[in-house]
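Next up is one chain by itself, shown in C-alpha cells, the form predicted on its own.
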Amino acid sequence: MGGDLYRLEEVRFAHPFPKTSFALEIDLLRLEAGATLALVGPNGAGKSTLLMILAFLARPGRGRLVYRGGNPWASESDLVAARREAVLVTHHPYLFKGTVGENLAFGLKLRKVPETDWPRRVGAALDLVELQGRERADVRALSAGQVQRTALARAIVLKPRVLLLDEPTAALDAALGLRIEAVLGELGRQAGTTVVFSTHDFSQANRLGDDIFYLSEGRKVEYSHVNCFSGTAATDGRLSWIEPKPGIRIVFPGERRGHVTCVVDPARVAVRPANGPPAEAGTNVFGGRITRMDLIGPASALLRVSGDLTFRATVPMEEVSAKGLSLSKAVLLEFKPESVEVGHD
C-alpha cells in the first residue's frame, strides 16, 4: 500500500433540504492507496453520504478533503479527473436502456478507450461477477441481483483507482456474495484498487476490510464494530428484541419494529463465572468461554467471550483476579436492556 490517497480533516456536510437536520461530521479519516475500508452503521448514519463525498459528488461545506495530495475542487478539470478515478456503485443502481454489454461499454466510450479493447475488457469484467456470456442480454430481463452485478462490472471495467460500493452484496445470496467478496479482495491485492464499501454485515466488514469505520448519526463512534448485531425487531409494546441467531435474543426497552442495529458498550457488559448466582430478571445473559484477554491499561482488560454470540467486555483487573477469569474459562455475560444502543435501519 502507498501513502494517503484521501485525507479528510474536520469535514462537515449538511444536506441542503430544510426538513432534515442530519449532518455528517468527520474529524479525521485517512485512507491509504490500495486499502479496503468498510463503513458500518445503521441507515441514516451517514455511510451513503460519505461515499458521495469520496466520489466527489457532494462537496463538504466545511473542512478539508485532500485527494492524491491536492484539492479535487481546485478547478473543473481537476474535479472531472478525480470523478473519473473514483467510481461509485449505489445501493439501487440505475442501468441504461439496452444490453448488458452496452452498459459496460458506455464508460469506456466516454473515456476514449479504443473500441478494439472493449470486447476483452467487457468480457473480463463480466467473468469476475459471474455474468459471462451475458453481453447481449437486455437489462430489462435481469433480476435484482444481476442488476447489482452488472453495475459492479460496469465500474470494474473502467479500472478505477477507487471503487466505492454501497452495500455491494445486499441483493445476492450468501454463496454468491462470498464469491463477490473474493473478487473485491483481489482488486485490492492485484490491481491496487482502493475499495470503500458500506455494509450492515459486521462479519463481512471483518472479512473484507483492512479497517472498519463505524458511523452513528453522522459521526464516528470509537467502539467500532465491537458488540454490534443486526436483526429485525419484534416487540410486546414494552420491550423489543432481535435474534442475531435463531432463538438467541438481545432485549432492549421500548417499542421497535423493522431492521435495527444494536450496539453494547464493552464497559457495560458484566462478566461472572458460569456457576455463579442467577442474574436479575430481565437482564440479557449469554454464556461462553473466554477466548482472548488483552490488557488495555494498567487497571483493566478487554475480554472476548465466544458462545452463541461473541461479545467483548471491559473488566477491571481486580475483578479478573477476584473472579478467577482466565482463558478458556466458562463464564456468563450480563447487561441490562437499557445498555443496548439501538439504531433504526
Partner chain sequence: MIFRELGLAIWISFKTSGLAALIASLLAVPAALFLAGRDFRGKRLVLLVNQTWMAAPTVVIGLLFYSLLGRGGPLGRLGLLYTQTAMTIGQVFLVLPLILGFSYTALRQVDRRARTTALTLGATRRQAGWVVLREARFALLTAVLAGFARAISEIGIAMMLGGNIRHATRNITTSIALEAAKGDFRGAAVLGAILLAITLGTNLLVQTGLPGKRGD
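Numbering follows the first chain given and starts at 1. This one's a predicted model, so the numbers in the text were calculated from it and none came from an experiment.
This protein has a second form, the form predicted in complex with its partner chain, left out of what is shown; the following refers to that one.
Proximity of residue 163 to its partner chain in the predicted bound form: non-hydrogen atoms within 4.5 Å are absent; the residue sits far from the partner. In the predicted bound form, no heavy atom of residue 241 sits within 4.5 Å of its partner chain.
Interface residue remark: residue 96 is counted as part of the site for its partner chain in the predicted bound form, having a heavy atom within 4.5 Å. For residue 28, no non-hydrogen atom is located within 4.5 Å of its partner chain in the predicted bound form, even though that partner is not displayed.
Checking 189, 219, 111, 259 for any heavy atom within 4.5 Å of its partner chain in the predicted bound form turns up a single hit: 111. Of the candidates 87, 183, 269, 233, 87 is the one whose heavy atoms come within 4.5 Å of its partner chain in the predicted bound form; the others do not. Taken together, the three residues 264, 302 and 331 all stay farther than 4.5 Å from its partner chain in the predicted bound form, as judged by their closest heavy atom. Only one of 63-71, 32-40, 50-58, 278-286 lies within 4.5 Å of its partner chain in the predicted bound form by heavy atoms, and it is 50-58. Annotation for 130-146: the only interface residue with its partner chain in the predicted bound form is 140 [heavy atom within 4.5 Å].
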